[in-house]
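Shown next as structure tokens: one chain only, the form predicted on its own.
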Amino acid sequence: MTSATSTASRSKSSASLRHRLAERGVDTKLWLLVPAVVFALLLFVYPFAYGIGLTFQPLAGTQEKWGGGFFANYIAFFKDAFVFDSVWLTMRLALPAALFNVIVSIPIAFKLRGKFRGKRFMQTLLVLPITLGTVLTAQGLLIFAGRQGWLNRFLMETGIISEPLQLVNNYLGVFFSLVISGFPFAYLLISSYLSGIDPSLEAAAKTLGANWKQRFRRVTLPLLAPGLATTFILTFVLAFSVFPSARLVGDASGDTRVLALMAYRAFSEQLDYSMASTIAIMMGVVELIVIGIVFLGRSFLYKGSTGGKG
């Protein structure tokens, strides 16, 4: 009896503790989050904090050349034209590529929204480039669009052109690579957001006499705006951090001298880890500025919730 009473007492005490914690908004199941928190601290928070700390530890040569003490790396970033110009070169690639992927994905997602024979096959073809990766995409572009590639050989043999077109190892090569690798993500996201919009809303607008342009501009576009903003941001970040394409099918010292290449150059060639961290931090700052502008623009276009995925 004594053992049974003791067990019942401990069980009651444990239940009472859980109730008291629950009243204070503390759930004991939250302990299951501890491994995830430790994982995030070790693989994200600590490296990020360490990288920020490195930016305030400039090399002696950087301090002597640019001055500024602890902020010498940031002063060098803004004053060194070779490095700072890479911001505009990266934006010049990332913004058009992200816009192109989003804009082209919209009509295709609309067209494939309904049910028809061959829909899965078409979707598979559109999403297939995800499996290739940036390196294989770059290799394919070199084989297909290089100076001795299939496309140039065909055009020259048919007499359409007299000398090979320069489609790779320049801005166009990197842009094509970003479109090939970024379009499937944009298409999948926009298709998902479209599926969250109730088709009866468009049907109701049609019964009221709205043509397809009016239905898209007044009904679908406002509801799709949150999804378009999210899709643009994700494809922009993907394009902004471009590295393999800029090196393999671009001009690493010319018009595709992106920020990621500058960080790699500072890290591996100059062994200036503090400057490499500074460039990485500035990449994040530029991305956050663009993201903020996109969210601000979205708030003017649409306020509220679609009630679905959008």
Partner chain sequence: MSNSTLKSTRPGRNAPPTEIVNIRNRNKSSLAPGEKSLVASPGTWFVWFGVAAFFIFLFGIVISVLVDSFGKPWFDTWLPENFTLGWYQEAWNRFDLSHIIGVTLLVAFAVIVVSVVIGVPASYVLARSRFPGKNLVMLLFLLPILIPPITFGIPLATVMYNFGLGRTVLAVILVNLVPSVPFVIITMTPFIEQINPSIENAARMCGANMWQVFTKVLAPLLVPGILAASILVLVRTVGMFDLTFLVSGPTSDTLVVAIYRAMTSAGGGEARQLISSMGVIYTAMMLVILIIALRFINPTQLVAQVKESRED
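Positions refer to the first chain, counted from 1. Source: prediction; values computed, not measured.
Form predicted together with the partner chain: not shown, discussed below.
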| property | result |
| --- | --- |
| Non-hydrogen atom within 4.5 Å of the partner chain in the predicted complex for each of Tyr171, Val290 and Gly297 | no |
| Candidate from Gly68, Gly61, Gly284, Gly254 lying within 4.5 Å of the partner chain in the predicted complex - any heavy atom | Gly284 |
| Contact label in the predicted complex: Phe48 to the partner chain, heavy atom within 4.5 Å | yes |
| 4.5 angstroms heavy atom contact with the partner chain in the predicted complex for Gly196 | yes |
| Close approach of Arg92 to the partner chain in the predicted complex, 4.5 Å, heavy atom | no |
| Any non-hydrogen atom of Ser241 within 4.5 angstroms of the partner chain in the predicted complex | yes |
| Interface residues of 248 to 276 toward the partner chain, as seen in the predicted complex [heavy atoms, 4.5 Å] | Leu248, Ala260, Ala263, Tyr264, Phe267, Tyr273, Ala276 |
